[in-house]
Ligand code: LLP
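Next up is one chain by itself, shown in structure tokens, the form predicted on its own.
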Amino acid sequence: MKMQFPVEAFKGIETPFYYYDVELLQATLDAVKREAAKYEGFHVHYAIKANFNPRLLEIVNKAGIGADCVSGGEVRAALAAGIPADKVVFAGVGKTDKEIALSLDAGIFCFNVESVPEIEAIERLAAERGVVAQVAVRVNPNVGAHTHANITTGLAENKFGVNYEQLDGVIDVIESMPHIKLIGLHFHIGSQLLVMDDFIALCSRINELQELLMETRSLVLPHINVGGGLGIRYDFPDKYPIPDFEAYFATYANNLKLHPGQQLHFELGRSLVAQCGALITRATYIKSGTCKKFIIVDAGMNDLIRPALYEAYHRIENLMSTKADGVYDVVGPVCESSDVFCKDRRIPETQRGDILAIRSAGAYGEAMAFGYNCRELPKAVLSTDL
């Protein structure tokens, strides 16, 4: 299955806008559920930071998938979409008292905690309410991931989690607190990972840690959360519209040594929604320089910041032209030199008014849009709207 573009319908819609193919999204959700269900005790939580469009969240909820949140706003969005509180986990290094209180009052499943001061705040707020908060400690396994430096999160030098060597002391702190219950360990080594070796390395480190906890503390925790990180093929969105969930879950099943009854949690975001979304834009001008040609589109870095922020690649297609390819830089109207979607890219010969699709933009596209230059936020259109 590949993403479908109803170009004639697009002609009547003001650009730029995000377009989501609901059929492809549903097929992706069906695939992740099917592959996870092959293994007892595997639970999938959708990482809401990838895309918190409320209509997409409702579809995720109907699929029976939980939520991974990194802010109080995301907790509210999950609950508003109907995702049960007992399927919601809340991570993040800087949870405020307000966010913690909101989550305690909602009765979420678990806080993924990342520092002793945070644990102390949760204890205080839980004590005020007379409740016990369930927590999992996020541990930096010091596993390097094959991805962009800005989205690597599992090294000791990252701001996230507690270092491997600090875990014993953190457990001591938690065990001294009557309103906190330690139920698991949490890990996340990075995003956009396509090499299963990265996940195998994480499994090895978790196995070592579990053995150590058993030997030194006779401790077996009921939940292990391995985060997410599974990437997509930005270069070939039609050839690989649905990620290889079969290999992903099998990697953990074959390499992670779970104790009897232990539950394994996954926090997948990009891999669920990226390929079903595209940023649709029009060519405003075709500009010829001395040695370059530019397609100036009406979408800008404020609509899709990934290329400017990460030098990320997105396939760009002209949906209205089948003429011979030209070589263009595709740029936006924002008053910044970094407002560039691609350079020296072969794209069918383009004219003013042509509609272009910036592919694989369903994750970290609409969610990261902002209003720089007083530009309006892009609207969202679902295939079921047309």
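The model shown is predicted, which means the values in this text are computed figures rather than measured ones. When you see a residue number, it is the position in the sequence shown, counting from 1.
Note that the form predicted in complex with this ligand isn't included here; everything after this is about it.
Visitor: When you measure heavy atoms, are Ser191, Tyr364 and Met368 every one within 4.5 angstroms of this ligand in the predicted complex?
Guide: Result yes, every residue of the spot touches this ligand.
Visitor: Counting any non-hydrogen atom inside 4.5 Å, which residue from Ala47, Val44, Val60, Leu356 sits next to this ligand in the predicted complex?
Guide: Exactly one listed residue reaches within 4.5 Å, namely Ala47.
Visitor: Looking at Pro237, Gly72, Gly269, Pro243, which is the one with a non-hydrogen atom within 4.5 Å of this ligand in the predicted complex?
Guide: Of Pro237, Gly72, Gly269, Pro243, the residue with a heavy atom within 4.5 Å of this ligand in the predicted complex is Gly269.
Visitor: State yes or no: in the predicted complex, is some non-hydrogen atom of His265 no more than 4.5 angstroms from a non-hydrogen atom of this ligand?
Guide: Result no; His265 lies far from this ligand in the predicted complex.
Visitor: Classify Lys95 as contacting or not contacting this ligand in the predicted complex by the rule of any non-hydrogen atom within 4.5 angstroms, answering yes or no.
Guide: No, Lys95 sits far enough from this ligand in the predicted complex that none of its heavy atoms falls within 4.5 Å.
Visitor: So in the predicted complex, is this ligand close enough to Gly228 to count as touching (4.5 Å, heavy atoms)?
Guide: Yes, Gly228 sits close enough to this ligand in the predicted complex that at least one of its heavy atoms falls within 4.5 Å.
Visitor: Using heavy atoms and a 4.5 Å limit, would one call Tyr313 a contact residue for this ligand in the predicted complex?
Guide: Contact check for Tyr313: no, nothing within 4.5 Å of this ligand in the predicted complex.
Visitor: Counting only non-hydrogen atoms, choose the one of 269-277, 96-104, 120-128, 254-262 that falls within 4.5 Å of this ligand in the predicted complex.
Guide: Result for this chain: 269-277.
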